[in-house]
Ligand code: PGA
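A single chain, nothing else alongside it, follows as structure tokens in the form predicted on its own.
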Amino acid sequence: MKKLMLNQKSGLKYSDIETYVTKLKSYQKNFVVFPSSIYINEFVKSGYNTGIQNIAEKTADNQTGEITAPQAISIGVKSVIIGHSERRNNQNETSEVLINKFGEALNNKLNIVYCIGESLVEYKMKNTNTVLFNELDEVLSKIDKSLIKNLYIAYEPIWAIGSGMTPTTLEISTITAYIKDYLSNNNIKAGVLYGGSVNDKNIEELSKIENVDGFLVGGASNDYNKVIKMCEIVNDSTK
């Protein structure tokens, strides 16, 4: 079955959470949810497979505003997103930062969703493969691969995130095959997700792409009705 990863970003207020958790209770085994850190416990205590959107670069007691990997694990978190384009751009996360976060996640046995993707300019210049190779290699060539247990590479073209635009299914198939070739050539076992304006309207067509092992869903993950539809579509597509 294809995986569903729900990156809620900062899209929900606390008043939304109780309804969300209640409405999706019967579907909770169908996805991993990455809520804002202040809401994590609401999902964990209701039995959801819960991830965190970010962790600190290092484990230390004195880091105001940070959440360390051991802290996340202590409240029931199992997964972490690393390398999302919004953090690369808005928080200026460099390859050194990403490598450090990878190390923290691996050393603490967190499952990892590692995001990569090209800008619209890079896409139009046909530099997608070069960008993806660099973003894969700048981190995966620097870590201890023997520690990798559960890794997903999320291909999220920056120009598709929140835009309502997606690459063609042929483009996604070709690019995810390229990513899988990189992983195979470097003896890295990992699944490949697609993200970038995935929603209940296009997920059925996207589910037909064999190279795609699942989806990292952004904006649509904040609407429980859309999540229900996506769960049902993905389940039906893999029967």
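For every residue, the number given is its place in the sequence shown, counted from 1. Being a predicted model, the structure only gives us computed values, none of them experimental.
Another form, the form predicted in complex with the named molecule, is not on view; read the next lines as being about it.
By the criterion of a heavy atom within 4.5 Å, Ile55 is excluded from the residues contacting the named molecule in the model of the complex. Heavy atoms of Glu93 never reach within 4.5 Å of the named molecule in the model of the complex, leaving it off the interface.
Within 4.5 Å of any heavy atom of the named molecule in the model of the complex lies no heavy atom of Gly51. Using a 4.5 angstroms threshold between heavy atoms, Gly162 counts as touching the named molecule in the model of the complex. The stretch from 82-90, 124-132, 141-149, 99-107 that comes within 4.5 Å of the named molecule in the model of the complex, counting heavy atoms only, is 82-90.
Candidate site formed by Lys3, Asp200 and Ile233: none of these residues places a non-hydrogen atom within 4.5 angstroms of the named molecule in the model of the complex. Residue Leu216 is the only member of 199-216 with a non-hydrogen atom no more than 4.5 angstroms from the named molecule in the model of the complex.
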